[in-house]
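Form predicted on its own, single chain, as structure tokens, below.
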């Protein structure tokens, strides 16, 4: 993880976002909705721009922030995004419509562990972004990696979890300690996965980039 000073410096020089995008960021901050940190978001968008995927699967819509940002970064991409929280799903719909992106962003309501058949209708995916319940990351990866195109990329967010995967001292909550163990287990599982070459980037809250072996 980079120092706060370095992170703040990077955030200061990130290109300005539109008023519409800033409005979503402000809503997320005000209502404690977890969205990607700016440095992580910019890194994700760089991969999207480089890959130029035709179809993206996002596991974890929240209020539509990252789906909208990816759609704006790649004008030809179609995005399928899953959200299980009904209130956030409805807000995401409103946000997507406010950007007039409903023809390129399809929102699916439900638990990502239960929607494989529905998601498969849109497969294959050139790019999969996992940013949902961290304790379920391995399930999500196993459910949807089979729908990845041969030269596809999977990006998973929050894999460093505020640095606690390296040092969990100070975590008094049993639930958080259990979550840290699950994230560690996922990281080790993916880094040793025989079908993927993966790396962890210390940006945002930690980002895993997994590229299918050719």
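Residue numbers count along the first chain shown, from 1. Note that this is a predicted model, so its numbers are computed, not measured.
The protein also exists as the form predicted together with ligand SAH; that form is not presented, and the subsequent description refers to it.
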### Message
Considering non-hydrogen atoms and a 4.5 Å limit, which listed residue (159, 148, 180, 36) is close to ligand SAH in the predicted bound form?
### Response
36
### Summary
With the partner omitted here, the residue among 80, 74, 128, 132 that in the predicted bound form has a heavy atom within 4.5 Å of ligand SAH is 132
## Note on the structure
Here the chain appears without its partner; judged in the predicted bound form, the stretch of 45-53, 160-168, 181-189, 60-68 with heavy atoms within 4.5 Å of ligand SAH is 60-68
#### Entry: 4.5 Å heavy atom contact, residue 106 to ligand SAH in the predicted bound form
no
### Task
Spell out, yes or no, whether the shortest heavy atom distance between residue 85 and ligand SAH in the predicted bound form is within 4.5 Å.
yes
### Residue contact check: residue 110 to ligand SAH in the predicted bound form, 4.5 Å heavy atom
yes
### 4.5 angstroms heavy atom contact with ligand SAH in the predicted bound form for residue 90
no
### Residues from 133-153 in contact with ligand SAH (non-hydrogen atom within 4.5 Å) in the predicted bound form
133, 136, 140
